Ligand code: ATP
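Below you'll find only one chain, the form predicted on its own, shown as structure tokens.
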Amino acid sequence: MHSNAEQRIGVFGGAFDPPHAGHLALAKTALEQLHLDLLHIIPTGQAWHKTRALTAAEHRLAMTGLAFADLERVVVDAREIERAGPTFTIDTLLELQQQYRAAQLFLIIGQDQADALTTWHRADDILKIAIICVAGRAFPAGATGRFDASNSLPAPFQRLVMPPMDVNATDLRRRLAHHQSVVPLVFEPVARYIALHHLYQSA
């Protein structure tokens, strides 16, 4: 554990609709490769960038808690769900910056999020607050300056080395809507919760 002035705090947000094995693998990778003291797993509240309606926030929060229950140095953080209005990453980072003064923040994102990062609300300010850590082999095609697809990434970017995983939430929701099994891609406690609450049953 680092001292307060040296703390390394990870931030991993997403819809988690539902949380799956890929999310857990990314969290484990971030904890190990970034030497994090703590990783905040943050289900999104009102997602401004999503064209579809998300599953009710209380269900996504509960499933996320079940999915990450056995992982040390992780806290499932409900702040974006509890915040009124659209969810913006910059607001969450500013709150965490106040909570962990002098700590270094690491924003954990996937390749698809990295491709869209320049469209995020106050993207330039995000880059000033957190080191962006991307699980993927390359940064957005055609992007310059901040994004560099070479092996030596410029600050404030860092690549997380992960094996490719063929799992995504869209496919899982489709399979659930057709009453197909999603274990082990969705962990058994989460799968039981989904069945109990009859989630994803309308395509």
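Model, not experiment: these values are computed from the prediction. Note that residue numbering follows the sequence shown and begins at 1.
The next section is about a form of this same protein that is not shown, the form predicted together with the named molecule.
For the options D112, E82, E72, D124, the one in contact with the named molecule in the predicted complex, meaning a heavy atom within 4.5 Å, is D112. Proximity to the named molecule in the predicted complex, defined as a heavy atom within 4.5 Å, holds among Q46, Q158, N168, T29 only for N168. Mapping the unseen interface onto this chain, M162 counts among the residues with a heavy atom inside 4.5 Å of the named molecule in the predicted complex. Contact annotation: A15 falls within 4.5 Å of the named molecule in the predicted complex, judged by heavy atom distances. Shown alone here, H40 lies farther than 4.5 Å from the named molecule in the predicted complex, counting heavy atoms only. In the predicted complex, no heavy atom of H35 sits within 4.5 Å of the named molecule. Residues H20, G22, H23, L26 of 20-44 are found to place at least one heavy atom within 4.5 Å of the named molecule in the predicted complex.
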